[in-house]
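As structure tokens, one chain now follows by itself in the form predicted alone.
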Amino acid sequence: MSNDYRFSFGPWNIHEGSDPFGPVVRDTIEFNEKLKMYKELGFDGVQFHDDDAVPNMNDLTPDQMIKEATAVRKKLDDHGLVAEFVAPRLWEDPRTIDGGYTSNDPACRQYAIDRSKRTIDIAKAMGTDLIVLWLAREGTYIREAKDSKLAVERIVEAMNAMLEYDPNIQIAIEAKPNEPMDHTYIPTTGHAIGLGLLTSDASRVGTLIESAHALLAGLDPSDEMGYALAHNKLWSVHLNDQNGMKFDQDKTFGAANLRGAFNQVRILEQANYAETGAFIGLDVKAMRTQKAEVATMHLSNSRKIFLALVEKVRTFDKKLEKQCIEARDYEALELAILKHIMGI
């Protein structure tokens, strides 16, 4: 069963445990050591920000940058891994305090576009055509600070520059309604798909859906996935979980809402997502109190829960499901699903 799906996570998902209210609680693990853990945990793909692959990219010439990215690809090859995607990190540079693509400063907007093109160069050197855009600071703290119509147009302008720069790339937009900004311009999957329709090549713009981001928007992740799948625009997922509409918690998949997790797996199974070759990405974080020697269990546990739910989806009594639907007896269907998930 595990061979049906390919799994990925990012190096940031093995972390020191610091948060805005406290210091690190675990020692830093070097990138090369993290790569050794991937196969041991049952993962085949590595998610990257551009500076995960080339940490000092702003200080390098284009040739130097490509050389470093090529060296990282060699390390992936040595471990039997592949890069799933590369994403421009546009939220930590001083030039992106007020946003990247939507900044009120034209020099900052140009920096964001130039950085995105360098991200594409890194992705090509690492053997992937998938670019993920998490539009972290493309929003405002107060709505009057920016023109929302103009902001959307500026994001489209940046995406068109990327699509023109390399005719082979695909862009997957990772929508999120808030955090770090109070208001973001592309908060949901529907917004992301609509944004793609404004670009010069909508066929190359899709989505990456994160479970927690949908929940923060008050939406059901499985419905967001279904919407993207109906448009043939679900190009990756970040599965995790969330206790309500709080900060982005990145909990172990299924830990807060097992039935919600079941329905996410169910929609992916029904759409034959595994057959597309796209990854099941996990964007989960260890609890801050977790000791270093067991600080990867959130990854292995999420994968185990996903695969267990695949089995639950595949073994659910389809005849009973059909009978309940035809009889419009949804209480019976609900109970049957809950009993099946609980194994009773």
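Note that residue numbering follows the sequence shown and begins at 1. Owing to the predicted nature of the structure, the values given are computational and were not obtained by experimental measurement.
This next part talks about the form predicted in complex with a small molecule, which is not shown.
Shown alone, this chain has one stretch from 116-124, 191-199, 205-213, 164-172 that lies within 4.5 Å of the small molecule in the predicted complex by heavy atoms: 205-213.
Among W235, Y273, F262, W134, the residue placing a heavy atom within 4.5 Å of the small molecule in the predicted complex is W134. Put simply, of R266, K251, K146, K176 only one has a heavy atom within 4.5 Å of the small molecule in the predicted complex, and it is K176. Although the small molecule is omitted here, in the predicted complex none of F7, Y38 and H79 has a heavy atom within 4.5 Å of it. By the criterion of a heavy atom within 4.5 Å, D51 is excluded from the residues contacting the small molecule in the predicted complex.
In the predicted complex, the small molecule sits within 4.5 Å of a heavy atom of W91.
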